[in-house]
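Given next are two forms of a protein chain, the same chain in both, each as structure tokens and marked structure 1 or structure 2.
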Structure 1
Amino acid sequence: MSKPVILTGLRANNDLHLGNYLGALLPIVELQKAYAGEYQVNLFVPDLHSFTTPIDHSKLYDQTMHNLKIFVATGLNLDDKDSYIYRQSYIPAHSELTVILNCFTYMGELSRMTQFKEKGQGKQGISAGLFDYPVLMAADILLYGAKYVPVGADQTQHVELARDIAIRVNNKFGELFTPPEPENAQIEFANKQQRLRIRDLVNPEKKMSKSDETGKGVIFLGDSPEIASKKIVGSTTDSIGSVNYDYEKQPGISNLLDIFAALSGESIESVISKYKGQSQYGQLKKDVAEVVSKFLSNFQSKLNSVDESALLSKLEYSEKTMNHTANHTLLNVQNAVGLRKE
């Protein structure tokens, strides 16, 4: 009997940042540990996804390989026989299933995707790839029958779309796909209150994003602890003068609290209690800067000691095995839609 699947992917359009780490990467590594032996874990680089917005293509390949190392530095256990790491473009079934699913997805649905609206806003020459990538993402999920998809809050809508597409196709052709679980079950499974949305440090109204041009509000995993500390100490807060977890009124402070709590493993309440009665934010910023610096130096030293040959052999094995699984799902779909009779 095959095991139920937990799956997530992180694009390689730039170095990964603290939002990617806390929103998706750490959660899947924690789930790998928590459910060892019970679940299959698929962690991949959606390299075809990486240029839905413009990038420097000469860096893509190296960035992809670097991100795979980041997975290991985060704590992914390569020896776990139920876990697989792979590159999307090395499994051609992803692209092929996308073309098929495109015909069972509506323009209206894709136009409603917040990510598309935000990334396309005010931009010239928006690619069809940006518009369509939620369908590629659905293919990523449905090829392996993933039930749980740990992602940040910005990707929730896309996971729900994958579920809608799966149910729609199943209704028409029979049980081809395992739809990912609905949102409340996803959160419960991950043992979290909600999906995370780490904010930009300069403009806490928006999320921390790899595509941010200045990088001033973003903590990249490759930032030196000194640079990261400066970014935190210089982060935008407010003039209220008390530490509360309230994204409406105090988004900058709430973001710092989220970062502190996630990296230290403490609850938000316990972090807030340290600053009760303080009317300045200096100490909070200093403490968050310290937690982040410690995390980065620790993480970067792990990154430097990743066993590259173990990584490459896991990658090769995973891509071979996942091609087999993905082709099996694809053939079922091809048979169902009338492209094959096998």
Structure 2
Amino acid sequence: MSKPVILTGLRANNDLHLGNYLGALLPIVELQKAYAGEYQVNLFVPDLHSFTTPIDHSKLYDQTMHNLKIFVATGLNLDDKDSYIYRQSYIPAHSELTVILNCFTYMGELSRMTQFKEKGQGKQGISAGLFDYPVLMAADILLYGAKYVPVGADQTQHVELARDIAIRVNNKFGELFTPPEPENAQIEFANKQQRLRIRDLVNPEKKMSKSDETGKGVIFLGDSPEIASKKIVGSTTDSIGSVNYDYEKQPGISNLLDIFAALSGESIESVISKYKGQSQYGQLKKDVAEVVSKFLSNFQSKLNSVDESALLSKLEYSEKTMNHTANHTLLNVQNAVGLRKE
């Protein structure tokens, strides 16, 4: 690969929501636009990661394809020759390299991963897949020599582990892998993107999440404008009686201001100025409900208009290309560890 690689992805299972759109999908599209011609962008759907926690397996394939269409509706350019869109499970080298890397990863390292502790806390029958998830993620990164891996704060440990594994294997067998950039460089790169952390409408102390079983605090991208409006109107605010942008004291109000700014195209400073000091919250909720309803109507129209044949064509080409790249890396590793002699 002649250009440095940026690798990013989003799990396939569950319906995507407004927080995913503003915090992940839109930044990925902006990333593609910003670095066109300068970087290779690998956008993959980590479908093997999707069942490290329990899911409805009968829906996984269709959900994967649906979420790929959502990427396109968000504005992803399928004609960009430096962008590749592929499904993790369609590149068998991801799985095989994971098995090899497991033998150079320590149990203590994996047991210290925050994501494993949080997702496994208080649960019975935790899968080995959840424990081993960071090694599969390392394979995702190292197969393509990804330089930058834009992730949320909850995933930075995993990128650092991938770097540690790459350096450890290189020290033993020679320069097999290109390690991702260290944490400070990853953070600097990620900070160039505008990633909003949208909060749950019912409990604004936590982020909007696909795992919310009630769905009352989540605006799903498939929600009707009417349902979304009701969720906004019923959102949790406070009893202070004054609109202020203060996540510590007024997280619900601050969240609504961020949503309005992001979807209206106005700057957050302008939105704060418009509503600051108002003693009633009803007008703000009404305005946010209106801008969210308009966004959903437009977005769902774009989603219904996605050219599926163009998407499938891009997938087929990307997966063929990525298989070639991944298999080349895998063969070098197999030779080094004694599985092949070529």
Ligand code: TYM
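If you superpose the two forms and keep the largest set of C-alpha atoms that fall within 1.5 Å, you have the rigid core. Counting starts at 1 and follows the sequence of structure 1. Here the structure is a predicted model, which is why all the values come from computation and not from measurement.
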{"item": "Label of the structure corresponding to the form predicted in complex with this ligand", "value": "1"}
{"item": "M113 C-alpha relocation of at least 2 Å between the two structures, rigid core basis", "value": "no"}
{"item": "Core-superposed comparison between the two structures, F44 Cα displacement 2 Å or beyond", "value": "no"}
{"item": "Yes/no, S95 Cα shift of 2 Å or more between the two structures with rigid core fixed", "value": "no"}
{"item": "Per-residue C-alpha deviation between the two structures [L284; rigid core superposition; Å]", "value": "5.0"}
